[in-house]
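Here we start with a single chain on its own, the form predicted alone, put down as structure tokens.
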Amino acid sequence: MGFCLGASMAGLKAMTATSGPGISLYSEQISFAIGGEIPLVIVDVQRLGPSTGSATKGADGDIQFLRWSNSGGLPVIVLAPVDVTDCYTLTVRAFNLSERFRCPVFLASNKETAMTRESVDLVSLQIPSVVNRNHCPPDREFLPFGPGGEKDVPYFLPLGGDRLVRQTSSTHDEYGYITGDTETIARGIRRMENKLLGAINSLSLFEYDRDDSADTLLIVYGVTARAARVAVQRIRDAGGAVSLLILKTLFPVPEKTIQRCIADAERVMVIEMNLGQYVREIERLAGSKPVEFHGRMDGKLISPAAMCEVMGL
């Protein structure tokens, strides 16, 4: 992580990958990256925990850990790939978002996805255009932690260049000087929060397969979505009806998208490969509408048959 932060501050695009135990060790430097507004992509190939858990057995047990992995609790971006194609395209998006917002971006993958071999037709993929870091124009004063080209996101200059760059994760002013002034600290914290929460709509990635005749909405993410697609098709082939929401942006929570989909349903079901982590966000947004949950965290995938059974459709 330290090498990646240094490479990023030197102006390079950097990425690292680990699993749950590694994310635990990364925590201090994740906070540094957020506080220092250092672009970085972090891939978490989740496996069964806690701690070293069970190597080579999958789970989605790090979801809330990724959200709250930094001291201070500032917002983070977490994307969840469904398959190998998503791993490719969401990695491009993760780099773009980290460069655009000067922040670390997580890819919440899963051991089952990482160890799956499948073909990808790169020619047919809709690959996002590459976004590069917004450097400070030469005729403009450089404020390493002040508003820059995009609202609430500072311009960037690499360490080692011709212009002075101050870098710190301690509380600081717009120039990068450490400060204890409460108004300056509060303004900086609020800016770092707003730069992500103010852009939620442009961060929200999802697939919504709506059945107009369905009362039931199934919400999933990650590798579980693959089985969910099969389960939904089986239910429809048997004459049943169900809508499917696959979330690819988990944090910041795409609240409007989720609430809009929930409004279309009478019954909401959330299925995860853990004991119930993201379902808390769904319950918070569902209001008085009851939310059912099915989870599994024993190293085995949740099958389409199990999904059909718990939904009773």
Partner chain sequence: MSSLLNRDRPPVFCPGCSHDLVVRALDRALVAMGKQGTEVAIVTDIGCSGLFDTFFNSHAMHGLHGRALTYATGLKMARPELTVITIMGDGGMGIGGAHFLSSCRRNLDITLLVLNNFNYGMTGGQCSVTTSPVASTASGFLNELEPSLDICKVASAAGSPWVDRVMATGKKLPEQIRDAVQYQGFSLVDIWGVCPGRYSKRNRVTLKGLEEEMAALPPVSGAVQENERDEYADLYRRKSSRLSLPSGPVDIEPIYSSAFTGQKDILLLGAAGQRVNTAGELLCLAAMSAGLHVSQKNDYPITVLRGHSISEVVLSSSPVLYTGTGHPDVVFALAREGVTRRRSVFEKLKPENLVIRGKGVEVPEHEGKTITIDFKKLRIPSMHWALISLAVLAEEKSLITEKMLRAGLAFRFSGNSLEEAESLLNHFFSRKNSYRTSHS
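Just so we're clear, the structure is a prediction, and the values are computed from it rather than from any experiment. Numbering follows the first chain given and starts at 1.
FYI, the form predicted in complex with its partner chain isn't displayed, but the following is about it.
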- prompt: Does its partner chain come within 4.5 Å of any heavy atom of S202 in the predicted complex?
  reply: no
- prompt: Any chance P138 has a heavy atom within 4.5 Å of its partner chain in the predicted complex?
  reply: no
message: Does any part of T116 reach within 4.5 Å of its partner chain in the predicted complex? Heavy atoms only, please.
response: yes
message: Can you tell me if M297 lies within 4.5 angstroms of its partner chain in the predicted complex, counting non-hydrogen atoms only?
response: no
task: May I ask whether G2, M9 and E112 all come within 4.5 angstroms of its partner chain in the predicted complex, judged by heavy atoms?
output: yes
query: Using a 4.5 Å cut on heavy atoms, which of D237, E183, D212, D162 is close to its partner chain in the predicted complex?
result: D162
statement: As a check of understanding, the residue in Q277, Q29, T249, T257 with any heavy atom within 4.5 Å of its partner chain in the predicted complex should be identified as Q29
- prompt: Hey, of 101-109, 154-162, 189-197, 126-134, which bit sits against its partner chain in the predicted complex at 4.5 Å between non-hydrogen atoms?
  reply: 154-162
task: For the stretch 217-251, return the residues whose heavy atoms include at least one within 4.5 Å of its partner chain in the predicted complex, in the order they occur.
output: R226, A227, R229, V230
